[in-house]
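What follows is a single chain, given as structure tokens, in the form predicted on its own.
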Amino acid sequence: MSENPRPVSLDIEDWSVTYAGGKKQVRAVKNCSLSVARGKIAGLVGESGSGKSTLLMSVPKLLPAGTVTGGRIRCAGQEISSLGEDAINLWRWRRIALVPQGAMNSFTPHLTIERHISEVLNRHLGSSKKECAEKAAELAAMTGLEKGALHRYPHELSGGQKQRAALSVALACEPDFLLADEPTTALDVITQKDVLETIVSLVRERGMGLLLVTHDLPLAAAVSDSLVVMKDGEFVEHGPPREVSRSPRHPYTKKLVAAIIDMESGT
């Protein structure tokens, strides 16, 4: 009897990122390792400036020119961290897709939402105009975006609609892995809950892997299969969400948990 195949995973190994600006260099990510399997959700939490978004954006190689990286990133067993621009473009959207922080910044103002989806489908899958329209309608229904929003421009949508539109674009090519960078930032509490529930539900249903970056430890703990805490470019704690949030070991994680308890108790 043959063994079960290993699950497809996104593996970040001993990864470092250094920004080079003039005479000063900033090492934003320091020797970090993380694995996300398809069908699983990994939450990456930490305060602003801890390196979370830098790590996330480095996976599909979307960092500024001149940024220096070290270590290795593999997707489904193939190293992608050493790929050039043309080669990594074959992985973006089709295998690894991004839901960026502040969806408005990810859209071209003069294109409708349907056009954004169509351009991704046409460029990466060669879909026809009819296929693009059908897929856009399917994605809108899937993400809870009303169909009429497909024919609007980004500035005509609410914050929640923009995030659902960004999710629709990210899911267009049915990727194996989704990277979500603070996907509920600047949304009201009810909309945050609805958008996050939509993302998590679709990830579970479609068997994708999700790397969720957020500063909200309780939010990440509630939806993740594993939780990583990051400070000053390093991973300081990693484990099951219940263990990390209820019995933290690192002093920084203890401070995070204590601050949340103080806020909830009003002290």
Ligand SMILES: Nc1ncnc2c1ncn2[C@@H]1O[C@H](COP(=O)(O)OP(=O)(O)OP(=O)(O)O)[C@@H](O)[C@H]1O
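Small disclaimer: the values here were computed from a predicted structure and weren't measured. Counting begins at 1, following the sequence as shown.
A second form of this protein, the form predicted together with this ligand, is not displayed here; the remarks below concern that form.
Using heavy atoms and a 4.5 Å limit, would one call V68 a contact residue for this ligand in the predicted complex? So V68 does not count as contacting this ligand.
Quick one: is P240 in contact with this ligand in the predicted complex, heavy atoms, 4.5 Å cut-off? Taking the distances in the predicted complex, the answer for P240 is no, it never comes within 4.5 Å of this ligand.
Partner contact for Y19 in the predicted complex: this ligand, 4.5 angstroms, heavy atom: Yes.
Give a yes or no for G207: in the predicted complex, does one of its heavy atoms lie within 4.5 Å of a heavy atom belonging to this ligand? Output for G207 is no: heavy atoms all beyond 4.5 Å of this ligand.
Within 4.5 Å, heavy atoms only, which of V228, V59, A28, V203 is in contact with this ligand in the predicted complex? Selected residue: A28.
Based on heavy atom distances of at most 4.5 Å to this ligand in the predicted complex, which listed stretch, 30 to 38, 194 to 202, 218 to 226, 43 to 51, is the contact stretch? Checking each option against the 4.5 Å cut-off leaves 43 to 51.
Triple contact flag S9, G77 and E174 to this ligand in the predicted complex, non-hydrogen atom at 4.5 angstroms: No: no residue has a heavy atom within 4.5 Å of the partner.
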